[in-house]
Ligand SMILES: Cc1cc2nc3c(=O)[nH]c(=O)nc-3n(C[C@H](O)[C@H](O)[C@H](O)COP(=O)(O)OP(=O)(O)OC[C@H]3O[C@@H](n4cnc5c(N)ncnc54)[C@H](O)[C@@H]3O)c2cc1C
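Here's a solo chain for you in structure tokens, the form predicted on its own.
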Amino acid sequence: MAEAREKKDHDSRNHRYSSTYPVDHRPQCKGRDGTGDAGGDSQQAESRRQLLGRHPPIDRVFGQKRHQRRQHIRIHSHREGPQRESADGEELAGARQSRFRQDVQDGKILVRHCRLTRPFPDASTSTIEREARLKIAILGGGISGVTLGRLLAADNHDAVVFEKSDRAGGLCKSRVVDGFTYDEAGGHIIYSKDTDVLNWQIERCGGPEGVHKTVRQTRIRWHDRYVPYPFENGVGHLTKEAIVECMDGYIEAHVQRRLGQTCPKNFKDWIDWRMGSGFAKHFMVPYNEKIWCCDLSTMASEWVAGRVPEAPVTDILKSAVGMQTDGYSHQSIFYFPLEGGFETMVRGTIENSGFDLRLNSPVESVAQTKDGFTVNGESFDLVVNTAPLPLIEPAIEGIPAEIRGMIHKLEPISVISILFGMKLNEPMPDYSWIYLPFPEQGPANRVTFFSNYSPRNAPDGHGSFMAEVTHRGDLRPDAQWVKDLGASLGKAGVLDPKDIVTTDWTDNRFAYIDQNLGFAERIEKVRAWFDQSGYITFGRFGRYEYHNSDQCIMRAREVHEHIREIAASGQPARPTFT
């Protein structure tokens, strides 16, 4: 079975995703006259332009009747032709009970039926009115885009999400192969310091009964042993010689900071400044060189300063003499969808959402006009981008040459996610994920014990690992490369290659942000231009912020509030982000 899968050309696979998400929804955004023509020359389009007035196009509008909603979502598919509707559309008119049934086809998770979880009022009897109902284009159907679409639709805006691929999800997509589920762009988890956001994520997965709760158990594979993470709190598990080197360097670095030594600007020197030479040598430098694929002295230190909490010296000393210390409690408990991988949260965001999701719809042109904006020739009142800036920049008219040049330099760091489906002869260790810092352990920097995230991520009697390998466009994975990777993980003591029954992999170009020394200055100018342009841009690569999925959801809430202000005031978009 493994050999059969390895013979496939993974780069040329074109798995199909269901183009039907039956949920409650407004009419799709066609042309203003109700036809497929989005040219805007119809009588209704002219009336609407007169109603909205001069540019900026969002002048206050009173008494606009709420458009009738439909009770399913129509998804445009340029590749497949006409839009599709739910086969049981009439059945969806009353109160709903079940959430959704998912099937799997060619490794992709298909939503075949999405039953509404709440009754939907008859649109003909609705009395809801708004001051201004805006037609808003959202570019990109990742978690940022679909979250914003859902929030805007709840305000009765006409939200249209353009997604170039055959299903939504972006970096949050998942895949099922031979009964094994894994995430396509690294091991995601459901977690947030914001309780409202955490609960919102869990609800999108079906509530508490739809997620699996895990107490985080992370380790570092340090040569021949597992060391607790974070590394400084596991220092007592090292060899005596390494303990002395780490403690000597850590105390010296601590003293120098107390004496006023300033924070270095490059990442490599920052590691010595914060952690000391011993911790740098035994973990921090080799691990970060592996994940960032560069000389660390070419990276800035600004991005990491607020992400890595400083461990108290007392805790490090306790650990060095064998006393247990836990380190920071960040993500000590996390959740994961019980079924379907992390993409379940995306599907739950789409379900019952009310926005128009257009799959297989690449954005080819975006422009500002005297009456607002156009996307692929279709008129909109506002455009919000969540797609990677280097990908969307060629389509947007009016960006100054200087800003375009800066966007071209925003190169991403890519990640290959590799599934290893295993036949288990004994239970897997109770780990969440492990870090592999050393070159001799192979190219993977992290391995997630993926079947521990949910008992349904692997068939009975089996388990799964997901390895992550970063690169800068110079890797082209194939079956032999994956086989060699499995062998290197075997030598590192992570798995037994003889027990591998299934492999699969995905290569994601946009995964991590290259935090080089020139990045901060470039991205500040790019963001400043967009924030004054009338467009709104956000998302990990829409704004180039090193955000996890929960932070992307928080950003979507900020944008949603700003659009509420726009709808009330009639002013153009001028977002300010916290």
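We number the residues from 1 along the sequence you see. Note that the structure is a prediction, hence the values are computed from the model and not measured.
Not pictured, yet referred to below: the form predicted together with the named molecule.
Contact check for Ile202, Gly206 and Gly341: none of the three has a heavy atom within 4.5 Å of the named molecule in the predicted bound form. Just one listed stretch, out of 183 to 191, 454 to 462, 489 to 497, 259 to 267, contacts the named molecule in the predicted bound form at the 4.5 Å heavy atom level, and that stretch is 183 to 191. With the partner removed from view, the residue among Met422, Met247, Leu171, Ile399 that has a non-hydrogen atom within 4.5 Å of the named molecule in the predicted bound form turns out to be Leu171. Contact with the named molecule in the predicted bound form, defined as a heavy atom within 4.5 Å, holds for exactly one of Phe449, Trp505, Phe162, Phe231, namely Phe162.
At least one heavy atom of His547 is located within 4.5 Å of the named molecule in the predicted bound form.
The named molecule in the predicted bound form comes within 4.5 Å of a heavy atom belonging to Tyr512. Taking the partner from the other structure, the named molecule in the predicted bound form has a heavy atom within 4.5 Å of a heavy atom of Pro362. At a distance threshold of 4.5 angstroms between non-hydrogen atoms, Gly140 is in contact with the named molecule in the predicted bound form. Although the named molecule is not shown here, in the predicted bound form the stretch 367 to 402 places heavy atoms of Thr386, Ala387, Pro388, Leu391, Ile392 within 4.5 Å of it, in sequence order.
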